[in-house]
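Just the one chain here, the form predicted on its own, laid out as structure tokens.
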């Protein structure tokens, strides 16, 4: 992974006046973080924590009250910074009468693409987001998950180096969410930098290299995902095929040590989401083989 910084936010503060007795609201308070080129970075927090305001400043849609924000070394409001960014909002708006391919063609032309270059780019992106079979279908007939995937393809049309995603799986069913998360990991493999904002913690945990936790406009915790979720004073052992005799020996060994404590014992668990996806996949396979 490159040490080049895709995003650098330093001491960012954003204040909004309320218009009442010269009062104001501090949406973001002295916030600093970095997104390294080639990584997936997640900014997480509850609604109203300052995520969207921070994102708008990075996108250059809003000026900071104090502090700075840069994208690959350019100030966020600079046209060169904006050329490096592809953005997918939480609720993207599309022309429902256009097909998937026509939508990508429309946005490609807005980005200056023409001819065979645009045609090849559309074909590559439809394949990437697995919408080749729906390329000629009107967006009015797309599901929420399909709309998010065509939105992600639109985000990549000009081949940006930085992809910013705002709640990319909001309102999408578990299977669609899995497809979108697989796409995010694919983007990382292809060398893109992904900066996403979300309040869905489990989804962030599955794709992000580093995470920042923001609350009431301030960064509360930030760092590599594995360091943040690790319980420092506990060690987990997973055994397969262990006999009752072996388990009893382990328990006795722990008890005789005196300094360690057996906190929990039982079978490892999956998540409800993974169980749902596995069952759905089994049903699809049974239909295909019938």
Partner chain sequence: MNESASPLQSPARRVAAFSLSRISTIAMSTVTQLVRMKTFYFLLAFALLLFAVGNFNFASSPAQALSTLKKVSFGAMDLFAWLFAIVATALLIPRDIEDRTLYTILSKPVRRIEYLLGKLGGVLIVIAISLAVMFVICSFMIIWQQLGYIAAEYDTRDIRTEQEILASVTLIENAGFRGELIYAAYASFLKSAVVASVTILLSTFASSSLFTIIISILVFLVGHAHTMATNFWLQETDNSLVVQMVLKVVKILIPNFQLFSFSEGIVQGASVASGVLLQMSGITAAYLFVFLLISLISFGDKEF
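Numbering follows the first chain given and starts at 1. Quick caveat, the model's predicted, so the values are computed rather than measured.
The following text describes the form predicted in complex with the partner chain, which does not appear among the structures shown.
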Would you kindly say which of 199, 119, 216, 82 lies with a heavy atom within 4.5 Å of the partner chain in the predicted complex?
82
Although the partner isn't part of this model, could you tell me whether residue 145 comes within 4.5 Å of the partner chain in the predicted complex, counting any heavy atom of the residue?
no
Please run the contact check for residue 62 against the partner chain in the predicted complex: heavy atoms, 4.5 angstroms, yes or no?
yes
Does residue 135 reach the partner chain in the predicted complex, with heavy atoms at most 4.5 Å apart?
no
Could you confirm whether residue 87 comes within 4.5 Å of the partner chain in the predicted complex, counting heavy atoms only?
yes
Within 4.5 Å of the partner chain in the predicted complex - does that hold for a heavy atom of every one of 33, 70 and 181?
no
Of 202 to 210, 216 to 224, 168 to 176, 100 to 108, which is the one stretch near the partner chain in the predicted complex, taking non-hydrogen atoms within 4.5 angstroms as near?
100 to 108
Out of 133 to 160, which residues reach within 4.5 Å of the partner chain in the predicted complex, heavy atoms considered?
138, 154, 155, 157, 158, 159, 160
